[in-house]
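Next up: a single chain in C-alpha cells, the form predicted alone.
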Amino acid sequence: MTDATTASQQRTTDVTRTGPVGVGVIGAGVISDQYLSNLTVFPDVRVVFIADIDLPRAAAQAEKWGVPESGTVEELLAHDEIEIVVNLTIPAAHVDVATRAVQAGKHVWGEKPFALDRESGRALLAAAAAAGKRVCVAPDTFLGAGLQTGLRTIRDGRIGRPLNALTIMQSPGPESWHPSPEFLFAVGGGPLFDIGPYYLTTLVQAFGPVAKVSATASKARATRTIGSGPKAGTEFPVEVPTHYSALIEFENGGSAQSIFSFESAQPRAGFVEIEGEQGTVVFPDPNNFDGDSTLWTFGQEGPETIPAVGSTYSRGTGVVELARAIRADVPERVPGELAFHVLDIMVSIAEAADRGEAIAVTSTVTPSDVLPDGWDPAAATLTE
C-alpha cells in the first residue's frame, strides 16, 4: 500500500466524523494561556486534555480553563476523542512530539519553528504524509484582521506589483520579562527562529516563495541574566546569534531587507513596509492579529488609513481554520509546506551569515488564499 493510498483512506475516515473537533494540548507553559483562552470558547473545537511532563502544572491549567482531563503525553495520544494535538513544547521537542502525534493518528498544530533543521523538517512532513495527517505550525497571525486586510490591499492591486520590502524587529531581548528565557537563546531560538517566522511568513504571503538569501549576524554577549520571576538574577549562556541582517530575494524578482535583533536598547518592532509599482503599504505588527494598514500612492496627498476588517481573536485561530478544513476535507491555509519553506529560509539565512555567501532556498510554496469576508473563528459552523 502506498503512502498516498494510506493518506487517502485516513482522510476518508476523518471526514466521517461530525461536530466540533477534539483537541489535546501538549505543553502547559506560559504560552498555553494564550491558546486556551481562545480554544476553550471557540465552539468548533473542544479541548478535552492537557498534557505536560510536569503533571501538577498540566492539572492546574486544566482546572483553570475547565478542561476535563490532564496527564501524560502518552495518555493524550491514546485519547480517542482527540483529533488535533496542539504542540506547545520547546523548539527542541517540536519534531519529536509532532511525529509521535501523527503516528498516533492525530493532526498537529504546533508552535514555531517547524523544526531546527531541514532534515528533521522533511522527516516530519514525510511522517505526516505517510499517516495521512496534517501538520501545521504557527504563526497564524496572518489569518487575523490586520494582515488579512494588508494582504487584500496588495491582492486588490492597490500598490501594483510588489517590488521591495523592509521589515524591522529590534528589541533588547526577552530575558527581562520572560521567567524562563533560556530556550529563547538556545539552538532553535534567537531573534531569527523566535521572531523571524512572523515576518517571513508575512513576506511569503505578500511576495510568494523565496529563492535566495544573503545575511550577516552577530552576538553581543556570551551570557544574559534573567530579569523577572523566581529565577531573576540567574545568568545563562547565549548559544546563537542575537542579530541578523538579511537580504531576501523572491522567485518573482522582488526583494526584502530584514533585521531581526535582540541587541537594540531602542525597541523597534512590527515594521513591515512593502513597496509596489503604484504605491507603498505598511502592514501592522505581524506578531499580532489586529491593527490598521497605511497606504501611500503616487500623486496622493498624505497616507490613507485602511481599517482592519476581520477577526481579531489571537492564538488558536489557525487551529479552528485547520479543524474546519479537516471537516470539509479541503486544504488548510497554514499547511506544513508553508512552515517548512519558512524554516528553509531561516536555516538559509543562518548559513549565509556563517559562510559569508548567498544561499539558494530550494523549497517552494504557494501563498494561501485570503479568508472570505465574515470568516469568524468564534462562529459555530460544525454541527453534530
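Throughout, we count residues from 1 along the sequence that is shown. What you are looking at is a predicted structure, and each value in this text was computed from that prediction instead of being measured.
Form predicted in complex with a small molecule: not shown, discussed below.
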Proximity to the small molecule in the model of the complex, single hit among 98, 169, 88, 200 (heavy atom within 4.5 Å): 88
In the model of the complex, the residue from 175, 83, 194, 285 that sits within 4.5 Å of the small molecule by heavy atoms: 194
Listed range touching the small molecule, judged in the model of the complex by heavy atoms within 4.5 Å, from 250 to 258, 178 to 186, 156 to 164, 205 to 213: 178 to 186
The small molecule in the model of the complex: contacted by all of 31, 57 and 315, heavy atom 4.5 Å: yes
Contact of residue 112 with the small molecule in the model of the complex (heavy atom, 4.5 Å): yes
Residue contact check: residue 26 to the small molecule in the model of the complex, 4.5 Å heavy atom: yes
Contact label in the model of the complex: residue 53 to the small molecule, heavy atom within 4.5 Å: yes
Residue 116 within 4.5 Å of the small molecule in the model of the complex, heavy atoms: no
